[in-house]
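Taking the form predicted on its own, here's one chain by itself in structure tokens.
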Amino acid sequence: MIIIQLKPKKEESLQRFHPWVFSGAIHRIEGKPTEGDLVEVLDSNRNFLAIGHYQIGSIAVRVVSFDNVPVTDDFWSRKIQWAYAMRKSLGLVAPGNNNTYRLVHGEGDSLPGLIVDVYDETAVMQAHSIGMHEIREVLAKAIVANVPEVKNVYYKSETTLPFKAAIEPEDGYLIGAETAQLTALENGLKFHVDWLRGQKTGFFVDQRENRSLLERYSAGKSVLNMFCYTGGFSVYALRGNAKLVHSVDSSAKAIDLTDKNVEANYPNDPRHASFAEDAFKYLNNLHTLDQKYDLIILDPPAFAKHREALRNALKGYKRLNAKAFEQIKPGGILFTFSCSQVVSKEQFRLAVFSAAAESKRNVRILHQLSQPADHPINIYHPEGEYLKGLVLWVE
């Protein structure tokens, strides 16, 4: 196995079980690793530290084991077994009520660079590293062998692998065959999932518990769901007996999917209307019309995927939340989120605080939200806490 030896005192993060080795910490590489190869990481005194996948970039190694053990097919199978056992123990595998959950959440499941979401009998796999891409067939077999409900594995990594990698990945089925478009079940509600053409793996599983919370607050309220995508929050609001629900997304395809999901659960329901329109334009038009809502959801796509975009992202969150404070009724409730990993909880909260101060409204925090249990955060890898949310009471 290729050896990577670290500079003196650069082993401390690995001794605290952080799963990344940065390129600046490397003293020497013995051999010529190809991106995706397994490498052994040693400290400056040549003591064993970890085994991981080598990659080109600032993160040079993603650790898969802190134990010096053979990395065989059985090694990967045991990782999948543990991941599934945890979801099973959490009650997420619940046929008849819930068949949609995240099976593998990267570093949170000690499988850095790998995401797997389960929709009934199909697992959708995304590789974010070449190392996981190279063993995709092994992983697919391990998933089917260890997750009784799963019969198909669809690989969807054309847009997630490092752009500098000298490969041409193709999306497609690794196991099983193309089936009819699936209707996933989440807490008893039906959702169409398009893993072939949809964003991410086809559905945002990470908002499941936050959607349930919204349902509790929806009764009798006028609800605005901004950046609605699949309409998840909208469907939960309807089940929560909202008096009206408006869904907004700049994508016409997203609006079609929202309408389809509303129809699947509440056919011909006059309480719901959807609008294919830019978020800021829609909110500005509301100001002109003097229309306000009792409950607003702001769940935008990541405003910053890299640290270079952080400053502009924080300005964007402030501007968006300020618009929402303008259009929410006295006594209204705002659900506001950031899924930008580079934006910390404190930075997001400060952006929302600044928007509240600018609006000159009295605002109280009711809930501080995060990602659900099937998106676990490795305690040694705080960077894994990407989803941040606040539920606010606005006087």
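Just so we're clear, the structure is a prediction, and the values are computed from it rather than from any experiment. Don't overthink the numbering: it's just position in the shown sequence, from 1.
Note that the form predicted together with a small molecule isn't included here; everything after this is about it.
Peer 1: Can any non-hydrogen atom of Pro300 be found within 4.5 angstroms of the small molecule in the model of the complex?
Peer 2: Output for Pro300 is yes: heavy atoms within 4.5 Å of the small molecule.
Peer 1: For Phe227, is any heavy atom within 4.5 Å of the small molecule in the model of the complex, or not?
Peer 2: Although the small molecule is absent here, Phe227 would touch it in the model of the complex, with heavy atoms inside 4.5 Å.
Peer 1: Should Asp249 be classed as touching the small molecule in the model of the complex when contacts are defined as heavy atoms within 4.5 Å?
Peer 2: Contact check for Asp249: yes, within 4.5 Å of the small molecule in the model of the complex.
Peer 1: Decide whether Ala254 counts as a contact residue for the small molecule in the model of the complex under a heavy atom distance cut-off of 4.5 Å.
Peer 2: Yes, contact at 4.5 Å.
Peer 1: So, a 4.5 angstroms cut-off on heavy atom distances: do all three of Gln81, Tyr119 and Glu137 pass it with respect to the small molecule in the model of the complex?
Peer 2: Not a single listed residue reaches the small molecule in the model of the complex, so no.
Peer 1: Between the options His272, Arg211, Lys156, Lys323, which residue brings a heavy atom to within 4.5 Å of the small molecule in the model of the complex?
Peer 2: Checked against the cut-off, the match is Arg211.
Peer 1: Within 4.5 Å, heavy atoms only, which of Asn261, Ser129, Gln126, Gln207 is in contact with the small molecule in the model of the complex?
Peer 2: Contact with the small molecule in the model of the complex is made by Gln207 alone.
Peer 1: Using a 4.5 Å heavy atom cut-off, which stretch among 307 to 315, 263 to 271, 86 to 94, 276 to 284 contacts the small molecule in the model of the complex?
Peer 2: Comparing against the small molecule in the model of the complex, the contact stretch is 276 to 284.
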